Every structure is written in structure tokens, then in C-alpha cells.
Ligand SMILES: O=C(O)CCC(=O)C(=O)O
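Below you will find one chain, with nothing else, as C-alpha cells; this is the form predicted on its own, and questions on how it binds or moves follow later.
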């Protein structure tokens, strides 16, 4: 029969634009994936793990403590690590959920690790995922899996319920932005109208959301770090009939069968990519 949302999850997705799924992988598996990430960030030579540096004070020494807090995000890390790849992005439990939304042919669009070290983990500003992609894509499947407990204290995700029903809002760059973000005045208006929900998760549990949904995570001021992995999945139909560029899609599932290859097979786009990312508006003064 395949995975289906419960009545409560279906209602949450319709009303809020997101829902959670507990225990998608076991706590043991989550701990093993967490260990792979921690081992990588504690290694002195990290040139090949694909990172975006956290916008905080630069690492002043090469101690384990300093190495552990230098990153906020690792791009394309998960598809380079078989334990994470086969248990999460190309794992049957996650793909069963994605299949409900995408059908029997599934591609990976993006994968990331998100890190919020204790005391120093920085905020991720309010955004819509498709406002960052800037390719008009609204149909992909988005998931975020906690590997540490994600709590209000250590900066768990926040969502504005129902915000996915808005248009794709043009994102802007403020003087102190780390990347494009939703206009801050409009965020305040949305929060005043709809409120905010905090997405607390246990290790191995997942939150799924629509790519229009407005979300954010605050700084981590607690003494407990927080690491999570996330993925964006698409399908050949979406890719070939959309405006996205060739971002290096990888096969996850073909005709309902999980693709076992590692490294993953590249998907060959049939159309010539024509879409160009809409530039962000730059605002000189912080707001």
C-alpha cells in the first residue's frame, strides 16, 4: 500500500503547510549519522566536505573545540557519505514518504547538514526555500531530520502556519544578511497575523514542509549543540516541465525501486536548462 499520512498529518499539511513524522529512523541510526558528521568537522583538513562557513568569529586555533564550531552548513556532504546516504536521502523510510508526494521516480535536488554549535550557532533568517532557489519550483519534497534533539532552547525550526499559501515572495539582502531572506516588515506582519510554531523533534524524527512555507531558526544560546540533515527531492516530470537549472540531480528511486548505487547515478536532463535565478534586492541599511 505504501506510506500515507495520518488524518492528522494530512490536515496539518493542508492547514499549516507542514507536518512531522516520528521515528523515521531509529535513535541508533541517527547517532551513527551524527558521528559521521562530527568526525568530519573535527578533522583539520576539511577542504573536500563542501561547506559554507558560519558567519561568526573565525577559528583562531586548530583545537578540537575550535574546529567543532566553525561551520553552520555542509553542502553535498550527505551524498558523499554512504552511511548517511543509504539511511536518509536514499533510505527506504524517507523515500516512502517522498513517494507519496512525487510518485515512483525520485531525484535528489539538494542535500545539506545544518549545525548549531552550543553557544555560538547562528540564526538562519526567515525564508521560503523556493525564494532561495529562485527558479519558480514549488513541487519538490522537503524534509529535515533531527540527529540531536531539536528544542526551543537550542534553536529548533520555527514555522508560520499557513504561510505556504502566499506567493513566492521576492527575497532581499540586508547589510547583515547571510543569504536572501523574506522582507522583515512582512515577516512581522505575518507573525502578528498567524503566529509561530516551534518544531521540536527527537533524533530520527522528521519535519516535512511545502517549499512556500515561511521558516526560520534562531541562534543557539544553550549549552547543547544541534545537528540535523535535510534534503530536497524532485522528479523527472517536475524537472523537465519546470524552470530549474541543472543542479546535478541524482537518482534516488526509479519505477518504485530504491537506487542502490553509491556514488549515486546522475540524472541526465532532457531539456536545455534555460532558467536564470532572479537577483536578490540589496538593502544597504539593516532593518
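Numbering follows the first chain given and starts at 1. In this text, all values refer to a predicted model and were calculated from it rather than measured experimentally.
We do not show the form predicted in complex with the ligand, though everything after this point is about it.
Just to confirm the contact call: exactly one of 126-134, 77-85, 181-189, 162-170 touches the ligand in the model of the complex at a 4.5 Å heavy atom cutoff, so which is it?
Correct option: 126-134.
Pick from 247, 230, 68, 34: which residue has any heavy atom within 4.5 angstroms of the ligand in the model of the complex?
It is 230.
Among 99, 89, 215, 109, which has any heavy atom within 4.5 Å of the ligand in the model of the complex?
Looking at the other structure, the residue within range turns out to be 215.
Although the partner isn't part of this model, could you tell me whether residue 95 comes within 4.5 Å of the ligand in the model of the complex, counting any heavy atom of the residue?
Result no; residue 95 lies far from the ligand in the model of the complex.
Can you tell me whether residue 209 touches the ligand? I mean in the model of the complex, with a 4.5 angstroms heavy atom cut-off.
Although the ligand is absent here, residue 209 would touch it in the model of the complex, with heavy atoms inside 4.5 Å.
Would residue 141 show up as a contact with the ligand in the model of the complex if we use heavy atoms at 4.5 Å?
Looking in the model of the complex, residue contacts with the ligand do not include residue 141, since no heavy atom lies within 4.5 Å.
Would you please decide whether residue 157 lies within 4.5 angstroms of the ligand in the model of the complex, comparing each non-hydrogen atom pair?
The answer is yes: residue 157 has a heavy atom within 4.5 Å of the ligand.
Neighbours of the ligand in the model of the complex among 109-123 [non-hydrogen atom within 4.5 angstroms]
Heavy-atom contacts to the ligand in the model of the complex: 114, 116.
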